[in-house]
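Given as structure tokens, the chain that follows is alone and in the form predicted alone.
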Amino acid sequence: MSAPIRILMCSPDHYDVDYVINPWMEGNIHKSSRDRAAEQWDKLHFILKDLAAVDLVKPQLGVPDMVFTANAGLVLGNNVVLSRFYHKERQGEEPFFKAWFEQQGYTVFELPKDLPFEGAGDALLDREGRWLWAGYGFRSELDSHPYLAKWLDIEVLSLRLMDDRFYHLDTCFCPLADGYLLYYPPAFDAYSNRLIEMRVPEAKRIAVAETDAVNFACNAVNVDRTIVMNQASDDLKQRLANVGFEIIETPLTEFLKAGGAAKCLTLRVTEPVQAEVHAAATVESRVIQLQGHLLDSGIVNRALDLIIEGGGSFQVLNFNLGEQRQSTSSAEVKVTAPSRDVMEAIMSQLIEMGAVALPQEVSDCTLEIAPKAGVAPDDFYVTTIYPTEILVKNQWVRVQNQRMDGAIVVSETPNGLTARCSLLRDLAEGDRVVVGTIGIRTVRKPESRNPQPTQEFSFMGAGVSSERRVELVVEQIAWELRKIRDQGGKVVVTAGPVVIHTGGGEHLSHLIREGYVQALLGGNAIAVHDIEQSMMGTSLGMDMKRGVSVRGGHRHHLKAINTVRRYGSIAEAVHQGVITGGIFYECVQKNIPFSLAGSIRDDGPLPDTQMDLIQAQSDYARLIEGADMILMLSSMLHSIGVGNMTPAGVKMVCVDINPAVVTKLSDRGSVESVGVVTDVGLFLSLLIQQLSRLTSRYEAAVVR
């Protein structure tokens, strides 16, 4: 015969809502009736005495939440892990619960004082004894879970809580007899829900609606086939009855004011040990180092937020603040994640921010063989725009051909080890590919002391910026263009047909003619409309000078295509005197290389348009190589494509009337990118004016 079930409770002699440490307490300070609370507790006590043996711990003055004995600790067999309360208001309970456990003969384990863990409120045993569900996110830290696995010799499954109304695991999660589970899925993140679904068959998962969740239906006491709870809807009661459970409702509304109900008011202190179950914890921890102007630039805040948002937790082990204004700071942070997959996702983003592993913890990157051409190993490291180095055979190797969304291939050459970015399609069977995030670091410029303001400008945009601000950013761009040209640098322009439609064609032609552009990227459309304007004075059949439709103008772009096809290429049409002006005329005259990437919507297309997408991407990448600046003019598709294949360090200016395009480019994370939300024709006009003023000032200075 099995040993009787024992439950620990504490009478509410001193219970009240004296402070606010969860959303349920807000507005309920001293609004709980002690008499009603005592009456409700007595009814619960009476019900439970019929189901189990109930032990009582003496209530203590000054700790009103001691009534919630679920948070006293976590018991398994003769061992108990004592709680380390997150809030100071409850930390006074710890010595009283410790004394009770010791008096009962339990072996008491105590966590470090700075590691919060709130007992069976955040750790619930599967009723079959197979594993321990452990919550984290609000009151308990993920770093406590390996201790639980070790001390209690049981597998621990970590669940991240996302809704602060359900701040403890037992407020939204209740393991039941025979492997059933009563829970509220929206209280957990996606990873945790997947973990639950992997461990609990669908037929045994009983998900509750929000109306039941907020009535703490999951905060229930389960003894065999009986479930005691505050309240349940008729639907939930029927669903539980259908699988053989009896529901006993007993009002606990006075305790709901403090954020607790039946389960919170009880602690099961007889949890049998399963001999065949042993310790296991999937929790992973790594220590990273951050350097730079961590506080002023917001790096440290962004990194810590990233860890939490990614499903992990952190502990700042060391922080060295720079002593002078120009000094940089450094921080060592322990990152903990519930699984290797979550850790890898977090670390990928931290590496992108410039985080590195401590020297004593760095080991060589992991290499796996590409199983077939065009296919990387699972868990391959995905590259970013930032210069990257990998550790191979105890030496840091710079990755060549840096670009985002690629894999890293390591090769042995006569000159030593090499590493390069490779698109998936370019992988060869047998290539050695970097997987995981170990032994990888990115090389980032030190962040400015001052946080970067959003580099987005809008011309006459409501509540965004003024006309004067656009003139200022155009002036800065003009200075950069002039400097790059004078130093023999390289500017690449990617442009869409809107440049022609808005009257910007003549201005872009001027930039090419004056030597400000060294390569041009676009699609079939910009070339067609530029040539149409050159030959017939229209763009999509619109007279560009008068702004009116021309009779039969809808045929003009096709006539332009047909003419160029007759001559075989844009260059030949220029040489034959058919095209006498415009953007592509200037490119041909100045020997400026251009690449036109085709699409499914293209008419014709022009003979110069590359309809092989893979080849077009390669052409773009070749022309981008060595660029100092890329000017993106109102072409969402081509601008985003160019942005994806451009490494960090290249200044990018994205001009578009659609703010979403500018935002998309800025999301790449490049600190060198500037967005200008305005009409592209107007932008180019202002840019030419600024360049003209710079030239006038230069000439005046030479005369003097």
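As the structure is a prediction and not an experimental result, all values here were calculated from the model. We number the residues from 1 along the sequence you see.
Although not depicted, the form predicted in complex with ligand ARG is the subject of the following passage.
Segments offered: 559-567, 166-174, 489-497, 403-411. Contacting ligand ARG in the predicted bound form at heavy atom distances within 4.5 Å is 166-174. In the predicted bound form, ligand ARG lies within 4.5 Å of some heavy atom of residue 71.
A residue is said to contact a partner when one of its heavy atoms sits within 4.5 Å of a partner heavy atom; residue 694 fails this definition for ligand ARG in the predicted bound form, lying far away. When contacts are judged by a 4.5 Å heavy atom cut-off, residue 582 does not count as touching ligand ARG in the predicted bound form. When ligand ARG is considered in the predicted bound form, residue 258 lines it closely, a heavy atom lying within 4.5 Å. With the partner removed from view, the residue among 264, 596, 528, 142 that has a non-hydrogen atom within 4.5 Å of ligand ARG in the predicted bound form turns out to be 264.
Think of it this way: in the predicted bound form, ligand ARG has a heavy atom of just one of 293, 441, 160, 90 within 4.5 Å, and the residue is 90.
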